[in-house]
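What follows is a single chain, given as structure tokens, in the form predicted on its own.
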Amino acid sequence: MVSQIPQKTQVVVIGGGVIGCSVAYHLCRRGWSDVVMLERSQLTCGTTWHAAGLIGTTRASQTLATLAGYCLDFIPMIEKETGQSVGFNQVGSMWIAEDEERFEEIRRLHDVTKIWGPETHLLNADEIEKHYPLIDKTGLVGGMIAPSEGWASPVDFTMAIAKGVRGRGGKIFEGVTVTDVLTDNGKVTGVETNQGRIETDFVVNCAGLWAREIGRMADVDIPLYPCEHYYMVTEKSEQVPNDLPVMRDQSNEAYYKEDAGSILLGAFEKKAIPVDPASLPENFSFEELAGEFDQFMPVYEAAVKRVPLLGELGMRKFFCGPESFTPDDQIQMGKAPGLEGFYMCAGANSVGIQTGPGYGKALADWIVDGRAPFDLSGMDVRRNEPYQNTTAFLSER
């Protein structure tokens, strides 16, 4: 960590999670060595540290597949460059379906991956059981597996990218809070921090949970809102193979991941609980939310039927933490309308680890070249209407 912030720099990246680190790294990779990244507390302290670290590149659109797919190329590149492992376990990802409608969706996804990847294979119930021997295959119609996917350590991943930033001349400052974004005649001129002012022509808002607040400092709407995200981790057991693929059961709102001899069961409930950002402590860092097990219970009950061992093992950890979501489930990315030099990349909708490298590269290219590298209109922040940034709308949404 560098101790003294500079008075002037080419670009300031706000936020030390995986996306902020990725943007800073790819700017440095494009030759912008005068890059400063500011983190209000410590790297990964917001939501990155408690991510499940899933590396899933299978997407239904070419744009999303390009952004996510870059991660598989990026991992060996950053490990070779920095000598630091990201903890990637290439065990594959598997989707399961217990009704024809869900299996039809999986088949369509399989068909489009023939065009833009990754490699996928359709499975019947017996083949699913072969890949995931802990499963009760009763009622399964079919599924799909992507062998090249898996999971990584979110903290190790981010720290490797941060090492790459420093190695290419970028500077990272922890414990520096941005208190204002300075502008003049429709153009960014700098940022004010708790340690002084930095003059700059470019500000990149990657502040995650706090990105909407940073946007307000610059009078820029960034519609995103945190929701509670739940997972549990069982006690360790020799019955849990260490090569289990990540398993997604979207009909029952669940995903499963082997975690050092335990099973991690995560949930994405249809009706999530919003988190008022104002209710979070000002120094919120590496912290959890209290959560309600009743919210998680329907997912857990269905999961126990599908993977009976879950009900036999004790619960080592029950976790609830905030994750940032956007109204249309697409990240807020790109150049702010009406403010020259202000860019953003925030609201990853809980897929920041697997898409962080792609988002970072795409936005860095956008900043350096002055235009999006390919069609990113579905993620461009200019797609939003002003009412979508109201607290009432976002909380209800």
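Note that residue numbering follows the sequence shown and begins at 1. For clarity, every value in this text was computed on a predicted model and none was experimentally measured.
Omitted here: the form predicted in complex with a small molecule. The next part is about that form.
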| field | the small molecule contact in the predicted complex: residue 50, any heavy atom under 4.5 Å | value | yes
| task | Would you check, heavy atoms only and a 4.5 Å threshold, whether residue 322 touches the small molecule in the predicted complex? | result | yes
| request: Would you please decide whether residue 35 lies within 4.5 angstroms of the small molecule in the predicted complex, comparing each non-hydrogen atom pair? | output: no
| field | Partner contact for residue 225 in the predicted complex: the small molecule, 4.5 angstroms, heavy atom | value | no
| said: Each of 16, 206 and 229 having a non-hydrogen atom within 4.5 Å of the small molecule in the predicted complex: is that the case here? | reply: yes
| request: Consider the chain as shown here, without its partner, and state which of 353, 333, 362, 68 has a heavy atom within 4.5 Å of the small molecule in the predicted complex. | output: 353
| request: Would you mind picking the one in 64, 368, 54, 372 that has a heavy atom within 4.5 Å of the small molecule in the predicted complex? | output: 54
| note | Here the chain appears without its partner; judged in the predicted complex, the stretch of 304-312, 174-182, 127-135, 109-117 with heavy atoms within 4.5 Å of the small molecule is 174-182
